[in-house]
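One chain follows as structure tokens, the form predicted on its own.
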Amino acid sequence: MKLQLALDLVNIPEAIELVSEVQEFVDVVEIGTPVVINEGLRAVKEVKEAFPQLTVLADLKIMDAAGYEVMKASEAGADIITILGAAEDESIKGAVEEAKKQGKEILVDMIAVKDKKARAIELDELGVDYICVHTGYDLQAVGQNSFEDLLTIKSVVKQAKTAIAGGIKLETLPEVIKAQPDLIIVGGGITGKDDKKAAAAEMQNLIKA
């Protein structure tokens, strides 16, 4: 199990400062969609250059023109690129093909997918690297989480690794760990703390225990 730090509400200098605080306790750094919208793929490039030892994920949430967007994110230094599970199969295929060519990985974000079980089976056959259950910001606000969805997906995938995102905090982490996803994605549970390094260290200890 790996710990991914999601950065959503920072600019590039803030991102670099934040990652330098927690770098020894995280495995993957996610340049979140709001950062990509505000700063462009330059954010991916600069974070990867600053922390070459870390895996960098570009959360593009691709919906179309997948091959091209995966190529551009790869050029910027992304190791993992996200596409939406709601995208067309042709787009998923294009993303997977380009990622393989570039030696990168594809993470499918299942946000807003209604039949997660059926879609997970299809995505697994299309050769994606990760399938991520994700309770979006707007649903977290009404108290939803992804734990059950994770178990559902884990019960059907044969090749893809699994990931979980959305509102994970220190208090809910033990429940997440029990489900054994390959990747645990945490944003505010680390970035919202005064002592970010301690929060990341504590989470990593739980994951590695």
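Counting begins at 1, following the sequence as shown. Computed from a predicted model, the values in this text were never measured in an experiment.
Only in words, not in the display: the form predicted together with a small molecule, which the text now covers.
Heavy atoms within 4.5 Å of the small molecule in the predicted complex are found in exactly one of 147-155, 163-171, 38-46, 65-73, that being 163-171.
Of the heavy atoms in Val186, some are within 4.5 Å of the small molecule in the predicted complex. The closest non-hydrogen atom of Gln159 lies beyond 4.5 Å of the small molecule in the predicted complex. Using a 4.5 Å cutoff between non-hydrogen atoms, Thr33 counts as a contact of the small molecule in the predicted complex.
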